[in-house]
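Just one chain is shown here, as structure tokens, and it is the form predicted on its own.
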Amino acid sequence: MSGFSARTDFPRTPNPLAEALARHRARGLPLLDLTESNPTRVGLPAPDAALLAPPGACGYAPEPLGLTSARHALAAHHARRGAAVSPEHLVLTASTSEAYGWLFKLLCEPGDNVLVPVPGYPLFEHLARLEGVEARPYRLPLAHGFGLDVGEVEAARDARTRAVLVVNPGNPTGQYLHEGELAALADACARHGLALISDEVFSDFAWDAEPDRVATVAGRALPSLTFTLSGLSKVAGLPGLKLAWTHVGGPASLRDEALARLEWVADTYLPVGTPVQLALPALLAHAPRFQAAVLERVRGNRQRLLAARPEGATWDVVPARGGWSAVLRIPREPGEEATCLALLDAGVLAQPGFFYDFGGGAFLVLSLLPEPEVFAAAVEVLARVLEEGPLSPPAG
């Protein structure tokens, strides 16, 4: 007997790209990083740090669901986005990852499952496993531009499915949920007794207007129990401040029972610090400035990427509608790993599509957050390597 749980026995063998990156860095070689997604490291505006020392910052009022003042500030934030929500229906956590853990505790017995979209960010399987829950994938079809297909969701469920998770917009695919898709999904969840979890951390970063785009599920009168997640990490570019929120909605009886149970969970952990809760109104006031800078950055970098693609190229940029990423479809041969290794040998770091469980072809995933001069230099190399192909194994 090892003395450890199987839930924490995650694979730790580095993949070839991680090993090559470690060698590259150990040799002190220059690197243009097209995976950088930390908003605090790419020259974007930040609020005055003095905001984190508000009056009463060293006090302590253990309100399980979050300080009343913070939840009222979040209700006002939702109202500015066109969603009418009650402060009493909001729950604060240290992160959306923590919120997932709480929701899986709330909704699932060990051995139950939740449906998660693929391709998607490689985190949900870990979060579910740590709660003794299976993350069961449903496919976002390439033919739909990686948009939602409710038929795929229903085909993936079984008798132990307890919730459906949607990411709006998809990460890294950048496709938003549309009104008809939401109506069909909420109806399917209600028919099968499933909760709907909507991850909306990138929802504010739409590149263009779309009349039927779902900006948020929060505040909607839907027939299923719903949980809508977001946080300061993306909304205001402040991942180090550790504050996220969940709106609980749906039929009143289910909503109120969920909130009562979540209050017990929250009272067990009390994870969110007092200073960031007291500073929340000012931090949310900073969000529009940060978001405007991000949108200028990602739109500009996407245009640089599109301009770098030669006419008749064997690769293309997959259409998307928002978020911080770009997805490239590349030739199946030599494939994702060989292409990423060749790019690294040329001084550019990109991510292969299999990190995100892409299927139906070969893909690369790029962050659109790097500073423009870094991004422009990187895509110049990227375009050259994709056109020439990795003719020989990368130097080791």
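Just count from 1 along the sequence shown to find any residue number. Remember, predicted model here, so these are calculated numbers, not experimental data.
FYI, the form predicted together with a small molecule isn't displayed, but the following is about it.
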Q) Is V201 close enough to the small molecule in the model of the complex to count, meaning some heavy atom within 4.5 Å? A) yes
Q | Heavy atom of T161 within 4.5 Å of the small molecule in the model of the complex | A | no
(Q) Can you tell me whether W102 touches the small molecule? I mean in the model of the complex, with a 4.5 angstroms heavy atom cut-off. (A) no
Q. Is there a heavy atom of N171 no more than 4.5 Å from a heavy atom of the small molecule in the model of the complex?
A. yes
Q) Ok, Q291, S95, S224, T274: which has a heavy atom sitting within 4.5 Å of the small molecule in the model of the complex? A) S95
Q: Counting non-hydrogen atoms within 4.5 angstroms of the small molecule in the model of the complex, say which of Y121, F205, Y138, W315 makes the cut.
A: Y121
Q | Stretch in contact in the model of the complex with the small molecule, which is absent here, among 232-240, 302-310, 184-192, 261-269 (heavy atoms within 4.5 Å) | A | 232-240
